[in-house]
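This document starts with one chain, in the form predicted alone, laid out as structure tokens.
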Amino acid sequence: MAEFNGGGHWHLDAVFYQVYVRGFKDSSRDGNGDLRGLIEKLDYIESLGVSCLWLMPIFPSPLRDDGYDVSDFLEIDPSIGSLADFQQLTEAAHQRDLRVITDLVISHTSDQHHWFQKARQGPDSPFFSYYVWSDSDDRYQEAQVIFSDTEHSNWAWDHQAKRYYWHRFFSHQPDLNYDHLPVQEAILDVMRFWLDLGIDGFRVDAVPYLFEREGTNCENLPETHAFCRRMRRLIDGEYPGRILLAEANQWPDDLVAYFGAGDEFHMAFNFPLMPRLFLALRREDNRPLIDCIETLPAIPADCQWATFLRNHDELTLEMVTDADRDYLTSEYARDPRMMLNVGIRRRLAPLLDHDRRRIELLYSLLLSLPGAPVIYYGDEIGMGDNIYLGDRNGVRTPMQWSDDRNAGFSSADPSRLYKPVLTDPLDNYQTVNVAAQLRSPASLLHWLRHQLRLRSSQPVFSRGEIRFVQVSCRSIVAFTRSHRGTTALLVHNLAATVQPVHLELEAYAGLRPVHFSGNHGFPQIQAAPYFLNLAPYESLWFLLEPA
């Protein structure tokens, strides 16, 4: 185990596959996906060409927030397995050269956690100071209410403690008090517990909200960064080769600070980029994408962005202007039920009207732009969603393995499933499933596996510098990725129509574009603009080689 985890900067070249364990594969016939079911499907995950599993919360929980309301940090939720199952999972994954990270929810607990239950007994309890209490609800007034759809304040009254407690998310998720040093030590011990069991790292949830200070919005405070450095020192000193991935939905200058000087997080999700991919596509305009990447602050050499199209949450629109937010909402969420908080609760395929060309285009951008791609379970087959399920549950329905009963997810009675399978005419599991796509060489699944193999064949995609190419048409986004003498040229048509385009490639005169799928006789680059004609939503991947 130590030898496997001891490899250098594996996160730079990683491709992540995000799994909702409860929704992936049920091995126990109780209607819940579980760790043993996930182990059964490791060969499938390996065949995708990904290199790391990201598991959504696996801790015991009342499940009022799909496991992000943790009631015990040192156990596995019994409905999905045991600690022995988890160790078997990590060992089986490592045998396939797959790493495993899991969500670590550090800003809050469930109100059912024994820390909070004891804290409610009052100041005489040793756990009282584990949480943030107040006699009034008028402190920290500048802090945003994040779940404004359901919560009207960041304070909630506890009838037993006869005080208000602080919560940045749901009122059943009281925030931990990081000014109390035993809380910091307890969270570091939680990290050690899981790292000792063989985990390869953590996706750290809701990082910006650890501390509170009057006169601030209680986000991104210096004290928060100081604790992040403590977490990193633990990793570097005791568990080299493991990683920390930050979930910090912030504007670029605040977001990049979570890399520190290479002494905080190894990785952070590129939240500013994600909505601009959808904006550029719908407007058929490269500027939102180019402007975003060119204005991102530089990150330390051994750090990496995590890039994504969709995940388990809504497509957040916090990191765009008000005008762009209104535009994205009008274009991608015409039904009000598609909205949640400040975002759109839809999967990738329904967002793109199930248009295979646009799905492939966004995947092509995801796999060729800087960063480590993250693929959400089911999106590799174009799974749909169910907007009639509450909260974010519409994008967390059972994985569609086959056209068998319950989509091959479970042999339980359908009424026992944690969520119903999709039976919508467009997304019906009898049509959209893994087994059917494995049989079809032209399926989205086969296409994506092929693209992932192409990407992994060239370190230029994970480590290369990016340089945007001047083009004659704003519907085309073209860029080069260069690394150690290798240069790739990537050209994407954002438009629904054929686009002729001239590329300014004078700097590469004398080289010839060779398509990744083989030599198709593209002409040598000259000093004059280079002409291409792209089909609607077409993507072209080239290596530039001597003529």
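Just count from 1 along the sequence shown to find any residue number. What you are looking at is a predicted structure, and each value in this text was computed from that prediction instead of being measured.
Below, we turn to the form predicted in complex with a small molecule, even though it does not appear here.
One stretch from 470 to 478, 452 to 460, 306 to 314, 361 to 369 that, in the predicted bound form, holds residues within 4.5 Å of the small molecule by heavy atom: Only one stretch qualifies here: 306 to 314.
4.5 Å heavy atom contact with the small molecule in the predicted bound form for all of K25, T90 and H94: No, none of K25, T90 and H94 comes within 4.5 Å of the small molecule in the predicted bound form.
Contact assignment for the small molecule in the predicted bound form, among D205, E212, D175, D427, heavy atom within 4.5 Å: Looking at the other structure, the residue within range turns out to be D205.
Contact residue in the predicted bound form, from H113, H108, R347, R99 (heavy atom within 4.5 Å of the small molecule): When the small molecule is considered in the predicted bound form, the option within 4.5 Å is H108.
Close approach of F169 to the small molecule in the predicted bound form, 4.5 Å, heavy atom: F169 belongs to the contact set for the small molecule.
The small molecule contact at R356 in the predicted bound form, heavy atom, 4.5 Å: Although the small molecule is absent here, R356 would stay clear of it in the predicted bound form, with no heavy atoms inside 4.5 Å.
Partner proximity in the predicted bound form: F147 to the small molecule, non-hydrogen atom cutoff 4.5 Å: Yes.
The small molecule contact in the predicted bound form: R229, any heavy atom under 4.5 Å: Judged by the heavy-atom cut-off of 4.5 Å, R229 is well away from the small molecule in the predicted bound form.
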